[in-house]
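The chain below stands alone and is given as structure tokens, in the form predicted alone.
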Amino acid sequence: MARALRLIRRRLIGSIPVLLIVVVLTFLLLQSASGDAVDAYLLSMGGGDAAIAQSLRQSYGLDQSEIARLWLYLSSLARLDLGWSVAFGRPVADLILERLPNTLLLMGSATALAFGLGTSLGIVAGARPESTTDKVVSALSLILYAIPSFWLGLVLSIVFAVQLRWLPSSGIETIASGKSGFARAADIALHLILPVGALGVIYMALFLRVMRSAMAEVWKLDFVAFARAKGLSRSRIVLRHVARNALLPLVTMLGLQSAAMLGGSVVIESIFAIPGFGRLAQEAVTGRDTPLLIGIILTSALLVVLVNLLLDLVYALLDPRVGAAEEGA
């Protein structure tokens, strides 16, 4: 437990400058873009004169210099205040807390599907490298990995929602259904089948290939030959020795793909009209809402940091040498 706490403390301290760099660079990049939230608002209203635009910029503080606005934002951020959304007229933190659970549910379900099926099929393929089963499963994973997630999402929606009418085509749950408890959970699960399938299948193919390749390399190591010499059964060698050691690069890949999956959820949420974090980012870009967009990017970076911190703990559990290296550093 003490080793885990030291690892968490070290990672959290190291993440502070990373998050600060993300905020500053994002702010400067957004400021370099042409137009602002006032321009987007006036365009949506059919236009307006310069006096109205100047008045709106003064009320939102957009008439100040970039350095002044950056300092004001960092000062607010130090008080855990993410600012005020110009496009929605609401606090940024409230919008994020409202939309984030839907995205976490989508990502968590897709990650569980991808990791569980990918690992299982990878073990099946890697149990006997170069066998017929290995070749068939590897070819199937390559085909799935080559399919774009947005195309797969559209195809699944057309087939299962439009033509067969088995599943709902959009939303996170039935609007104004009045359901609660288990009935509402079942309704949400039904709405998530298509988006989770579209997002999870692509990453399942990636995890499958990584697991299979890692197991093929582990089979060549000396401790596997020693386990065979001891007379252990093949199933025990596969599960207790080869698969466990092959999980290490898979855990690393899971951390690297967490940011990619968060970005992929933007497309999936748009296709299936899920009111999540990705659609909120799209709306922030459309409305040129700088405070909201910075809050979204900062929250995304924080999620990636937390996911990688969790995976560091899992990695240390699978390989005790990681924890020993942390103590010696």
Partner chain sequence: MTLLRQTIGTGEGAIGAAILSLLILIAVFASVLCPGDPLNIAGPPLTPPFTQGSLPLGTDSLGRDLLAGVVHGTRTSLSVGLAAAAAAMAFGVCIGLAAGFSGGIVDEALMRLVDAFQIVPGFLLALAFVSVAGSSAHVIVIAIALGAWAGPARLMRAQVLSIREREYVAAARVIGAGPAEIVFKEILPNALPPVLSLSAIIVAAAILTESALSFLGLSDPNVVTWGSMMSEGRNVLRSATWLSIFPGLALLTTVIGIYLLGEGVTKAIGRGRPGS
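Residue numbers count along the first chain shown, from 1. For clarity, every value in this text was computed on a predicted model and none was experimentally measured.
The discussion below concerns the form predicted in complex with the partner chain, not included here.
Across the proposed site, Leu121, Phe182 and Ala185 without exception lack any heavy atom within 4.5 Å of the partner chain in the predicted complex. When the partner chain is considered in the predicted complex, Ser65 lies well away from it, no heavy atom lying within 4.5 Å.
Proximity of Leu292 to the partner chain in the predicted complex falls outside the 4.5 Å heavy atom cutoff. In the predicted complex, at least one heavy atom of Ile147 sits within 4.5 Å of the partner chain. Residue contact check for Arg288: one or more of its heavy atoms lie within 4.5 Å of the partner chain in the predicted complex. Checked against the partner chain in the predicted complex, the candidates Leu74, Ile193, Ala259, Val136 yield a single residue with a heavy atom inside 4.5 Å, and that residue is Ala259. Residues Glu130, Leu142, Ile143, Tyr145, Ala146 are the members of 130-146 with a non-hydrogen atom no more than 4.5 angstroms from the partner chain in the predicted complex.
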